[in-house]
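Given next, in structure tokens, is a single chain: the form predicted alone.
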Amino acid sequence: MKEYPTGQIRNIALVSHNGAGKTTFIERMLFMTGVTTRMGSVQAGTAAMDFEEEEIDRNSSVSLSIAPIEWDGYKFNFIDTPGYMDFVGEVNAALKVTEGVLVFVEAVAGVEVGTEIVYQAAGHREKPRVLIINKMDRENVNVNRVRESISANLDGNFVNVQLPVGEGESFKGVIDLVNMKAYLGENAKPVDIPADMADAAEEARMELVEAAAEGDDALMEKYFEEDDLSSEEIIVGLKGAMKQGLVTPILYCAGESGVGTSAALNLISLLFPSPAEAGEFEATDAKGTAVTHPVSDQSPLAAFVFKTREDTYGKTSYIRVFGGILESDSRVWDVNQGQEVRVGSLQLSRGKDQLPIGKLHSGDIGLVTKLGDAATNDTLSDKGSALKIAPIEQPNPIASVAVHPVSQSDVAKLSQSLNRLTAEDLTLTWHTEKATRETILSGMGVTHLDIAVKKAQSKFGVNFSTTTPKVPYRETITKTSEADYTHKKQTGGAGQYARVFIRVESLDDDADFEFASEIFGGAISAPFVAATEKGCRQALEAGPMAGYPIVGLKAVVYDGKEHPVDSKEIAFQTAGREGLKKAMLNAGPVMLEPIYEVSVTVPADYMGDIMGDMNSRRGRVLGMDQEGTKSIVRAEVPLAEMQTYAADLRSMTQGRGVFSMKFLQYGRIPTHLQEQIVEQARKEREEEK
């Protein structure tokens, strides 16, 4: 493929709910432009865009993929994204590096929950959007019904740029309202508008002209004077109105049969801006000052890594050039890592296939393998300018599993494989939970986590089993108490002896541990006081109630006794550890649980069900809001009650509910639940023996 200048490039993200036909649409374009010799099929596992093992098994995209398409002098970088919302991180990455968004609506199902989410996400980022009503040749298609679904579920001023000729099995093509021609059949040769649709086309064109006039003041004046606009003026007006978020055009096609596809492509090239037309890009310079530059070859180099793909052969970095020119076999400065990296052979990605290219002009998208330590969200620049682009905004994880290596060989690979998984997908995170001594993998849903575990096996040869994570409780006290503890051990030779008097005092539940000494007169020498503190800190790892970490406590050693021969630091460590636990048991010990702030968005009809369910989960409702047809419930809910919420919410709302959650604070557990947790911990300790 040849190099394309910035003005001839169109970067477009394809987004929708799962099953709306995004991947099939691209497969049709690849076939239509002669890139592939036969049409790829998602269901048959032959789609060029779905090449990961998990995608072939699921017949569905789980990762973004890129299709550069050459058409009528333009280069389209189409980014196909997953439609399942567990993989929303891939959508966010695509929206970061594109100037336009094609939102697919399935002609029978209408607007589904995933479509609502990605449509709003594109709007929040002020991206021009075009709706494509796809699969127009399916049975039971009703255009009026799908238009009603769009109006009811999406915000915006929607205007037909095409009219469909027929619907369902009788779908023959489309009428282009810009140039007033019909494009019928797979070959889509322009013909006159069918006589029985002439009046409808004229009426729709007038609506289109009126919408286009809103995008430009000069065009509005001309429209008032002449009551019409030329084809070129309609396009100019629509582009302006789309950029301002005033209009969302609607197109129609059947991606699998190809009817309407080329006509859609012709309009897409005209409606969406080039990278340069979309405006300047924002970055920070070497001094950390916010700056803007044109998307131009003459601007300082700023190449953003928006995706990393890991496999058995290493790492592939997907790059969008915002400023300057990125060349093969060059050296650039990785601003985030603070080091020089070598750019080897630049490639263009077409699914799993890679096409070599000498350079990427400003606005273009490509990839490079083995890019040193460069990671997703890094910016490649010149060392002098050191431009740094803001990272991709990603949501907090909402689901977690505890992962357990299956064999001893898997234990050694655990950290490395999890690091590679999270490098490839930034909506995945992992950590070792000290309170439960479990390795926790977190992501955007059960399916997301399940596929991550399968990737670890297929890509990195590591086998994990998963369980529901234990809740990381904590232990604290509610009042002051004292304890006298003596550690005495005689083994025939030199023994061990230490006696300490410890007082524990309650601090705020989220306060760090404090230690103080009130020893006067040398009852315990300074090294042994330090050893006592060390022992107290050791005790913090496992409280006396259920073995969870201790917080919100101050320990004071105020007296003690040592032996001139048998006293050693290890003895005072033991005395400090056991003395603190003994004092805690008489200080009103209580358990704390993590509380999360949860935001649930559902259709208004489900509000009552969500409120009732939140109450059953010991939630405390903070407030309720209304956004269009959606209700938003905000509540504080214990983590213990949210372990299966992703699946439960989907069941309660027939998949139309979404939620987010973030850690808020620790709160005290009701007494009856605390007793159950303590009893369960006791049983587990006995079983381990």
Ligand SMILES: Nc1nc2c(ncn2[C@@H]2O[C@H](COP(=O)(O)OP(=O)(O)OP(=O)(O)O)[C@@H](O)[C@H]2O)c(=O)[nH]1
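Since this is a predicted model, take the numbers as computed values, not measurements. Start at 1 with the first residue shown and count on from there.
The same protein also exists as the form predicted in complex with this ligand; that form is not shown, yet it is the one meant from here on.
Contact annotation: of the candidates Glu256, Glu569, Glu438, Glu597, the single residue with a non-hydrogen atom within 4.5 angstroms of this ligand in the predicted complex is Glu256. Proximity to this ligand in the predicted complex, defined as a heavy atom within 4.5 Å, singles out one entry of Thr98, Thr476, Ser362, Asn134, which is Asn134. The shortest heavy atom separation between Ala646 and this ligand in the predicted complex exceeds 4.5 Å. Interface residue remark: Gly83 is counted as part of the site for this ligand in the predicted complex, having a heavy atom within 4.5 Å. Contact annotation: Ser631 falls outside 4.5 Å of this ligand in the predicted complex, judged by heavy atom distances. A residue is said to contact a partner when one of its heavy atoms sits within 4.5 Å of a partner heavy atom; Gly667 fails this definition for this ligand in the predicted complex, lying far away. Stretch 248-256 is the contacting one of 345-353, 460-468, 248-256, 149-157, since its residues have non-hydrogen atoms within 4.5 Å of this ligand in the predicted complex. Contacts of stretch 25-42 with this ligand in the predicted complex, defined by any heavy atom lying within 4.5 Å, are made by Val42 alone.
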